[in-house]
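Just the one chain here, the form predicted on its own, laid out as structure tokens.
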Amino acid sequence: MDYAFFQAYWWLLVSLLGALLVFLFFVQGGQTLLYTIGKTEMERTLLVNSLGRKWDLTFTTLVTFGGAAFASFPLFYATSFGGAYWPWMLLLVCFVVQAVSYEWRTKGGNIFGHKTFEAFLLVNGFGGLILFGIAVGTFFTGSEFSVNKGDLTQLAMPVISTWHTPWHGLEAVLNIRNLLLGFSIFFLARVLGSLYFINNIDDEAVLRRSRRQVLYDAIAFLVMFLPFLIWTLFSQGFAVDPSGTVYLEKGKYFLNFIQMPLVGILFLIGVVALLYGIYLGTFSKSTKGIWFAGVGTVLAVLMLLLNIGYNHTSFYPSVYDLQSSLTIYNSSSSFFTLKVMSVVSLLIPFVLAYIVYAWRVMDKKKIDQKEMNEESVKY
């Protein structure tokens, strides 16, 4: 196994973490529905406690995703987090207020009232999802930075990458395609949140409103995602030739799906599974829609990320200087580092198995109003 193998292997792992994170955003999506599905205080308590049992999974996956990106592709981490720091900082703030909210909403001595912390959950839901989508959108549309590894020898400012706008990432908000992806993730998370409520809560009114909400948000998701997908597949992509020179190629991301047929087929299977999960949640009495939609989400997002990382493609392009664009080959850690980390990564299946086991134990019985009335400690 050579250096290129480990670079591809770690892009696969980072992409998988990113795909799992998008699925786990059902927590944030559910939070944005607190006052849409929960019409009474008890119904909102049901929703918060249902989500409260899973919120730390999203938080932990976000931290692991960032940590894996830092360890395996440090130049990407340094360029994006060091240059486009405003979106990332705002995103982190959104997640900090979420953690505070779950801990303090019903805590004794809470002088701010539970509605304050419910407002924080809304901030996390709306702000966190849209900001994340906009930040990931730059993987397809590019950012304004340059990289010069020779600058590392400058004693005054040994900084490899330089951001070339004073907005430090906020300029991404002005790109329509980034916005389309941001709102796509927002509405997808609301779909997943409603499907999760259907599966996890035993309450007739919550169940009825959740099924209706799946349909509304699914329509909004398709209205946002389809233009983004079509625009991205057939616009210019950031290709790399064998010598490492980056150039623009029409329809690059569509060609990647054709030239990597397994990636393209699994992407389509993911989309179909997601749509089937939405169908189950909207037009049937099944409560299993979250699992089909969840698997579909992970597959579709994973394949999109593999599309921009493999097949001679730049996964973090620069529109300021094309040759500064980052690929999995010019931004990764050393051969030795990737190899050592790969040994540790063999533990990942055991960690995933533990999460699945813990999830099954927590969801053995659906949450209901009787349990909330008897529970002395709740979110």
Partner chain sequence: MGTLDLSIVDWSRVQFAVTACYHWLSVPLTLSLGFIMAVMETLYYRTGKEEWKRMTKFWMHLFTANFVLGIAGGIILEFQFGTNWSNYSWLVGDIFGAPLAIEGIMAFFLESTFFVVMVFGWNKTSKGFHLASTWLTWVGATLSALWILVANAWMQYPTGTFFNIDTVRNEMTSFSAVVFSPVAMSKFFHTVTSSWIIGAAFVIGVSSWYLLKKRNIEFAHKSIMIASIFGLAGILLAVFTGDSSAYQVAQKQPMKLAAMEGLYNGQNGTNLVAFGVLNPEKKVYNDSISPYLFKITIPHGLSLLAYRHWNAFVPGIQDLLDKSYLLTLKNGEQVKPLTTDEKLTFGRMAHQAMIDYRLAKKAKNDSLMAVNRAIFDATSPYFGYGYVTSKAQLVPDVPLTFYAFHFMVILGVFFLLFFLYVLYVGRKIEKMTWLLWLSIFSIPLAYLTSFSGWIVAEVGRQPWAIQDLLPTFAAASYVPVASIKLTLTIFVVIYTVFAVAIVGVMAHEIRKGPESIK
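Positions refer to the first chain, counted from 1. Please read these numbers as outputs of a predicted model, since none were measured by experiment.
Only in words, not in the display: the form predicted together with its partner chain, which the text now covers.
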Problem set entry | Contact label in the model of the complex: Leu322 to its partner chain, heavy atom within 4.5 Å | no
Exercise. Would Leu33 show up as a contact with its partner chain in the model of the complex if we use heavy atoms at 4.5 Å?
Worked result: no
For this session: May I ask you to check whether Ile230 falls inside a 4.5 Å heavy atom distance of its partner chain in the model of the complex?
Result: no
Exercise. Is there a heavy atom of Phe95 lying 4.5 Å or less from a heavy atom of its partner chain in the model of the complex?
Worked result: yes
Exercise. Out of the stretches listed (78-86, 239-247, 272-280, 134-142), which one is close to its partner chain in the model of the complex, meaning heavy atoms within 4.5 Å?
Worked result: 78-86
For this session: Work out which of Val295, Val223, Ala99, Leu266 lies within 4.5 Å of its partner chain in the model of the complex, going by heavy atoms.
Result: Ala99
Exercise. Going by its partner chain in the model of the complex, which residues of 335-357 come within 4.5 Å of it through any heavy atom?
Worked result: Phe336, Thr337, Val340, Met341, Val344, Leu347, Ile348, Val351, Tyr354, Ile355, Tyr357
